[in-house]
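Just the one chain here, the form predicted on its own, laid out as structure tokens.
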């Protein structure tokens, strides 16, 4: 039985991201730990700290070990860490004179944290590639509809005209920032951990800094001479970045859900979700799932922040909590990007409904434009109060604001004033500027 929906065979088509999940399964963890142990031996041999034949034997043993994760369970249950059990199985494949050199001077946290970093590098690559694809789709959508008028809504109520392209640009702008955040984060995240049992590299000897450099070269990671056993800030940065990605796509999803409601009808979404009893139902499953995944990412992000206080020089409790929260956040972000890509390829704007909703029943969306035009003839405060009065009159008498103001100020070409294209401001420029920036990523 699956503990959570990410691992469930029932829910896997809805919530599971196979690519990201593969970075966190038992096999991937074991592979990453073996890779670090092998690279450590090779790095130690390379600078003369370990016999070359021992390093070759360790490398061969790590490459050929086919470890069943279940064989690590009993000892991990006792030790609360998996590496001692792993080392015992690797040593079974080594001659006695070589076995003593395995894991020489390192501690479990060095192996687990460096292995995690190797797998997080793959996660970052997946996220980065999907983000760039998503931005290209958003760029195309913004560019194609840069001048398509629609009603803007503030505080959930109709406001003034804008363009659908500008709305799309607002969806995509936060993702531009996350591309940059991810790139800036990599040197702080993708770093070797090699500091020994208490973080002072005592067992690694006087050449520990040189050894860290050698290990970093072996694994193509950044070297950091400061121990980060208790410094989890880079992991927090990653979780925050991923959560911001899910937030941007949750906003996109929420806007889509509103715009696709039949009574609004400004967007058409994929109709995939059926009902067990209502034949007419076509539920917006993809958009709903984006909202749920953001909440999951938020929970994981918050849990990681609670786990950020690693007491003294090592902390088993905080570390264990981190192992639970970080994969959930990565899985939620990965699946969010997959769904975002699927949704963006299939949404369709309805220009006719956008125009109809913009005009509305009473033409109130044009109140700002009318007020500013009247301010050319009467004092601004007077113009504002006049338009407020006419808005109330329109709503109470089922009249149209434009017709009411035209009756009092017949010398103005009000149709030109209230033409949506005349009220877009720099909406089209924003859409095209976003498209330009997105395509440049």
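Numbering follows the first chain given and starts at 1. No experiment lies behind these values; they were computed from the predicted model shown.
FYI, the form predicted in complex with a further copy of the same chain isn't displayed, but the following is about it.
Heavy atoms within 4.5 Å of a further copy of the same chain in the predicted bound form belong, among the stretches 121 to 129, 140 to 148, 159 to 167, 213 to 221, to residues of 159 to 167.
With the partner removed from view, the residue among 347, 152, 89, 94 that has a non-hydrogen atom within 4.5 Å of a further copy of the same chain in the predicted bound form turns out to be 152. None of the heavy atoms of residue 400 is located within 4.5 Å of a further copy of the same chain in the predicted bound form. In the predicted bound form, at least one heavy atom of residue 178 sits within 4.5 Å of a heavy atom of a further copy of the same chain.
Although the partner is absent here, residue 188 is a contact residue: one of its heavy atoms lies within 4.5 angstroms of a further copy of the same chain in the predicted bound form. Residue contact with a further copy of the same chain in the predicted bound form: residue 26 places a heavy atom within 4.5 Å of it. The partner is not shown here, but in the predicted bound form the stretch 405 to 430 reaches within 4.5 angstroms of a further copy of the same chain through a heavy atom at 423, 424, 425, 426, 427, 430.
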